[in-house]
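The data below hold one chain only, encoded as structure tokens and taken in the form predicted alone.
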Amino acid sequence: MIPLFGGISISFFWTDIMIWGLLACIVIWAKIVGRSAQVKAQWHRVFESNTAMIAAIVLMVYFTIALLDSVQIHIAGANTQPGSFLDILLSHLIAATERTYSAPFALTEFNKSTKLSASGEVEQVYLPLQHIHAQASIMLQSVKGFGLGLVISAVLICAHCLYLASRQQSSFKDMVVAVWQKQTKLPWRTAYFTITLITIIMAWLFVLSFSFHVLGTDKVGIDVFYETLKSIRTGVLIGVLTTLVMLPIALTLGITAGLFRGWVDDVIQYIYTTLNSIPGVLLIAAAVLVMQVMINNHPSWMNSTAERADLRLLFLVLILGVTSWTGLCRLLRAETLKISQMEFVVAARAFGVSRAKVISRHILPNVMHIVLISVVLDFSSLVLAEAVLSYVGVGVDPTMNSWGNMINQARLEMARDPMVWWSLFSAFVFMFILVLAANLFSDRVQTVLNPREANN
């Protein structure tokens, strides 16, 4: 626990440490590759596409929400459980827990309840919701939300324009004109429209959430908008951290098999062929069940339900990472076999350069485009994998917010009459936007970084 000020301290779960550590590594990597003019030009080409720019901004919004939910804040003397920055921002939704289901923007509960009337008769009525402001005007709240969104987006855009103007040594006015007339190398006008649209939508939902349950409530009365935002962390962490576990295994085994050949290549091929022959869902389910038994037998490892859920998430990330490296390993082996026959590698080995230096100076830089393309492509499939595994009951802890758990709970709600559709709808929309943005961005990365695609 790290003390800050005024009795406030912060702490991190294991997955929090991993995601912040990964962010630090990405920043350092960006600083290093930024020194190479060629690499810089390649990434510049990625963002020259309007679609890629929009997708990148959407992904950035999701990652920002995930990071806001990845720091645990403790307040000395408080009677509440530690929460994240996101929990503090949405504290009004945590306190606004109703009795049961309610539809989006509803003023009463979704189901009728038994009530004793003044005349002593039992009657079935729709009870009013306890934590909404029935007198609040949706129109007035919407105007406030739009205004707040416009102000925030204007501040962000002006700050970025000032930054661009200082970098290019021009005036603020000239930079605004250049952006508006599309005279910049990157499509900043598209980026600013995207930022404005996202900010207005988020501000509109946030302002309305003080007076209404904008996406309804679930079976136990928890606000679905809060649940959906909290689920972003789980989806992003599964997609990102699994890559962190998978990458070293795939890189080490793939390059080793391609460079050393012989019995080393045979052994590695045998391992990933055997692993691929086992049905993935069954292998993951078996590993998750073993992990679940281990956690149940060692309750002293966790001090709270949240720590238990985080530990299960960590084990799920490790299991997915250990079982999903084979595809990238196969690609890296094939590419290393090809590169190792090229003249510059043969010449380096003829001059007595060690294998470690050949890997670091010649093999690794020439397979990085495959690594980057695979990482971006695998992200969306891992987000969907979490939803599928949680749906079949072998995913994250049931107490943890995740889109998979929301979809799993909605399974029975969809079968009832009248149907409760808003939990499934909310999880589907937020997950769809994330996966679509990741796929669009990965398509652009593949087009620019893949030599075959670039030559076509």
Partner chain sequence: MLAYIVRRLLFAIPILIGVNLITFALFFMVNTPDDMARAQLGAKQNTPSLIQAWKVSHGYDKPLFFNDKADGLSKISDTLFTQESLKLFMFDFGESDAGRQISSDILQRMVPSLSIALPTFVVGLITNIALALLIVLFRGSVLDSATMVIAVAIMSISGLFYIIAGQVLFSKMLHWVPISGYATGLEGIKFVILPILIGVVAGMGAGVRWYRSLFLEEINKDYVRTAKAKGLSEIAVLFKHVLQNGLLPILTGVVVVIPTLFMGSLIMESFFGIPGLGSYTIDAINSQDFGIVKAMVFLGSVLYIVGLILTDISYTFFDPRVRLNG
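Residue numbers count along the first chain shown, from 1. In this text, all values refer to a predicted model and were calculated from it rather than measured experimentally.
Form predicted in complex with its partner chain: not shown, discussed below.
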Item to complete: Could you tell me which stretch in 351 to 359, 265 to 273, 222 to 230, 252 to 260 has residues with non-hydrogen atoms within 4.5 Å of its partner chain in the predicted bound form?
Response: 265 to 273
Discussion item. With a cut-off of 4.5 Å between heavy atoms, is D443 one of the residues that contacts its partner chain in the predicted bound form?
Written reply: yes
Worksheet entry | Touches its partner chain in the predicted bound form: F432 (any heavy atom, 4.5 Å) | yes
Fill in: Heavy atom of Y62 within 4.5 Å of its partner chain in the predicted bound form
no
Fill in: 4.5 Å heavy atom contact, I32 to its partner chain in the predicted bound form
no
Response to the item:
Assert contact residue (its partner chain, in the predicted bound form, non-hydrogen atom within 4.5 Å, options V125, L289, M368, L140) equals L289
Fill in: Contact residue in the predicted bound form, chosen from L67, A56, I407, M400 - any heavy atom within 4.5 Å of its partner chain
I407
Worksheet entry | Any residue of 391 to 424 that, in the predicted bound form, places a heavy atom within 4.5 Å of its partner chain | Y391, V392, G393, V394, I407, R411, M414, A415, R416, D417, M419, L424
